[in-house]
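Okay, so here's just one chain, in structure tokens, the form predicted on its own.
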Amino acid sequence: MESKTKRVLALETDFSDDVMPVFLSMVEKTALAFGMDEKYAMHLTLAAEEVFSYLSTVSDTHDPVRIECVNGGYYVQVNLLFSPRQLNLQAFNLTADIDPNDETRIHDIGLLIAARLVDHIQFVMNPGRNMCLCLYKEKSYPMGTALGPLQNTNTQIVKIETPSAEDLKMFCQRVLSAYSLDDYPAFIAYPGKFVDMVNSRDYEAALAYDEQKNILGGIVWQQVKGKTANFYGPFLFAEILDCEAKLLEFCLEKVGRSDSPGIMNRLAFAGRFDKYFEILGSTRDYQADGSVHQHTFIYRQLIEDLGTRVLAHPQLMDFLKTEYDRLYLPRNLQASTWMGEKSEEHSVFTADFSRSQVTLRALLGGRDAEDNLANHLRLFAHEGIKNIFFELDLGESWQSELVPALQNNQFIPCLLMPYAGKGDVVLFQHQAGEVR
């Protein structure tokens, strides 16, 4: 497919009041120009307004700020780069509940509103000690409809090719008819979105064809520079010899030419890939009807792992040593503990929802982490969500301090994902789905 590079519109200014109308006009009109519908463009603009207003109150009027509007193809992202101040990021928690009568926190209400209007908020501290606050909003797409089974398939000829946009949409529709909801990622249900994801270069795909150009199956993968790649499938629509193997080998060859240290599948079909991959572990998916499905995570190392140092909390050391030894990953494992040094008061967690599950990640550690996690769990229980995960990035040494808070809230480490973040990532699962 034809690929498009991400377009960026940037504005460098300050936090003076007269800049606000220019900034908001830029966000709204750029979002519309990048293909976002009016409703979602307005949500993004309102979120940007609340964040800019808050930053204006805690910054000097003449403090510089760089604003970027990024066209991601299937999403629009607004980045604000500025010097860090005393920001109360606590309001970005999903559970934040701010009293409008509390004058000391009246400005934080805007952050709470912003957090509800966008899909993701991310904070990044750049090497130059500037902070980047990213507001991410996906575009709206119609759901796809399932297609019927293949007819008159030539089972002898399989050719692997990079697909056209129409074939990608047909592939999604075939997956919807041939597989259950738990076996494919959520974006497959939106064929137009998937086309934009591939066209943006965030994802890649390959399809298997017979000589009549019937789609026999396909595979999808995602790469982020320097991190373990993720793949989904292969998805097969006919029982054809070697079709699955050819799709896997095509994907492995493509990813193997990149700088990805390995490749992983979080929705693997158990027992089908023993020839190619190692098992990282599994998670449990608790269904509304009381049944439990198991998701197996598999991994294959693609380049030589020279090892690295890992700082981890003592309560996690036994788990990590066992997993590193089992997977033959060279790591210099060292204990890291808090020894009275200054720490943040408030923690901040992001929550990514996908179907019947939620995954928490830490934006900021703090002394209230245990209570903050408990508040999140009460909210999820009220919403009937039983599949609750937490991704702990061992590449961020401060995150090791969260281990006691996780374990005291009944989060159990279930598997290790090599190089899935800034470093290796430990996936914890909460025991909410267990019968007590």
Partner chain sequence: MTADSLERLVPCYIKSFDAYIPSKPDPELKQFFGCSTLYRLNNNENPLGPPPAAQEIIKQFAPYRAAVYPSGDSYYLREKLAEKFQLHSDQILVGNGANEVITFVIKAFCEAGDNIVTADKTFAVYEWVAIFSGYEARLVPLKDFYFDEDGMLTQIDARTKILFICNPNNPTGTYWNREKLCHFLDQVDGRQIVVVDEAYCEFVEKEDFPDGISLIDRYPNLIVFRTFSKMYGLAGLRIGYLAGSLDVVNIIRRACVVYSVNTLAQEAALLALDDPEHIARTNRLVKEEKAYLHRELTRLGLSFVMNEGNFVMVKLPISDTFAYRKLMSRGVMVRTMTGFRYPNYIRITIAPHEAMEALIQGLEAIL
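Residue numbers count along the first chain shown, from 1. Keep in mind it's a predicted model, so treat the numbers as computed, not measured.
Same protein, other form: the form predicted in complex with its partner chain, not shown, and the subject of what follows.
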Task: Joint contact, Arg66, Lys275 and Asp305 to its partner chain in the predicted bound form, by non-hydrogen atom at 4.5 Å - done: yes
Open item on the list: I'd like to know whether Asp17 contacts its partner chain in the predicted bound form, with contact meaning heavy atoms within 4.5 angstroms.
Closed with: no
TODO: Evaluate Asp352 for contact with its partner chain in the predicted bound form, applying a 4.5 angstroms cut-off between non-hydrogen atoms, and reply yes or no.
DONE: no
Open item on the list: Considering non-hydrogen atoms and a 4.5 Å limit, does its partner chain approach Glu253 in the predicted bound form?
Closed with: yes
Task: Any non-hydrogen atom of Lys213 within 4.5 angstroms of its partner chain in the predicted bound form - done: no
Task: One stretch from 116-124, 362-370, 183-191, 294-302 that, in the predicted bound form, holds residues within 4.5 Å of its partner chain by heavy atom - done: 294-302
- [ ] Go through Arg331, His313, Arg266, Lys227 and name the one with a heavy atom inside 4.5 Å of its partner chain in the predicted bound form.
- [x] Arg331
Open item on the list: Which residue, Cys243, Val358, Val195, Leu81, is the contact with its partner chain in the predicted bound form, using a 4.5 Å heavy atom cutoff?
Closed with: Leu81
